[in-house]
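One chain follows as structure tokens, the form predicted alone.
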Amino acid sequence: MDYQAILEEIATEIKPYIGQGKVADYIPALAEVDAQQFGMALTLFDGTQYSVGVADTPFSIQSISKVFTFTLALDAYGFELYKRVGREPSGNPFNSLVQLEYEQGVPRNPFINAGAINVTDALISHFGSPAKASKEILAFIRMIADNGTIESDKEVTESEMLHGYRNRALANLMKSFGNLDNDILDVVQTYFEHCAIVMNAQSLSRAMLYLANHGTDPISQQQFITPQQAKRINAVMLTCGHYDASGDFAFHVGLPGKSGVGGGIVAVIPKTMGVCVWSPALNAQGNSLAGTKALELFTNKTGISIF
């Protein structure tokens, strides 16, 4: 299959959608990002990459980092993790306080904000300190992306700390129900640090290969998690990876995927490749508008989906 030709077709057909929606201006450090950008990359199991547009332009991965923290927490805690965070779709906005109150401080899944904050808390406990947790999260991402230069953007972290009132409220609510172990500000700071990690579409498509290959990197042959854990992460990505638009994404795209409000979306094609698309303008649910359409075009043109 001529993947490069398919990506170039998509780049042409997607042009009317680029810039539709709005960037995540509630995080001031992201408000100035040029919405008129589009990049897409895929990485095959032998390391071959194909890309189009600004696939080498770095951006804030935001909630895509939740895939990697969930991976680490599942590896550390196994099934015990589900005592503090669920695995069901939320059907509500990613930062909903109402659902968390109703369900007594147990987040519905690890990909909504409350769930990812809870997972971050679990990692701080596991690694022994906020600094060690941040270091281990970054080291893991560098390893799976095969890129030792990846860093977290301090400006974005500080911007989120200054304006992240709702995320602090989520942490406080969980703490009030006894479902958060560490200091609230430490947990939220660590959460913002991994959301502020900066990558490009090429590195992110490479980083998803372990999930496309039953938990083992097909290039390095390093096993990060068990096949059963990889299966579960992919399942939660399919059902919960796009917040209250997850069903819509599964319907139109048909792949396990995870979005971030930085405009990135990663997707997994089992036994074949990792994919990432980036376009900063978001739809009403907080997912890249052009990126979602590009992935729909990709699965339509290639005939590849999990269904």
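Heads up: residue numbers just count along the shown sequence, starting at 1. What you are looking at is a predicted structure, and each value in this text was computed from that prediction instead of being measured.
Same protein, other form: the form predicted together with a small molecule, not shown, and the subject of what follows.
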- May I ask whether Q62, E160 and V261 all come within 4.5 angstroms of the small molecule in the predicted complex, judged by heavy atoms? yes
- If you check S90, Q202, N113, N213 against the small molecule in the predicted complex, which one has a heavy atom within 4.5 Å? N113
- Item | Option touching the small molecule, based on a heavy atom within 4.5 Å in the predicted complex, out of V253, C240, V52, I27 | I27
- Query: Applying a 4.5 Å heavy atom distance criterion, does C195 contact the small molecule in the predicted complex?
  - Reply: yes
- Message: Although the partner isn't part of this model, could you tell me whether T190 comes within 4.5 Å of the small molecule in the predicted complex, counting any heavy atom of the residue?
- Response: no
- Message: With the partner left out here, check for me: in the predicted complex, does some heavy atom of N234 sit within 4.5 Å of the small molecule?
- Response: no
- Query: in the predicted complex, does N167 have a heavy atom within 4.5 Å of the small molecule?
  - Reply: yes
- Message: Only one of these stretches, 62-70, 265-273, 35-43, 244-252, has heavy atoms within 4.5 Å of the small molecule in the predicted complex; which one is it?
- Response: 62-70
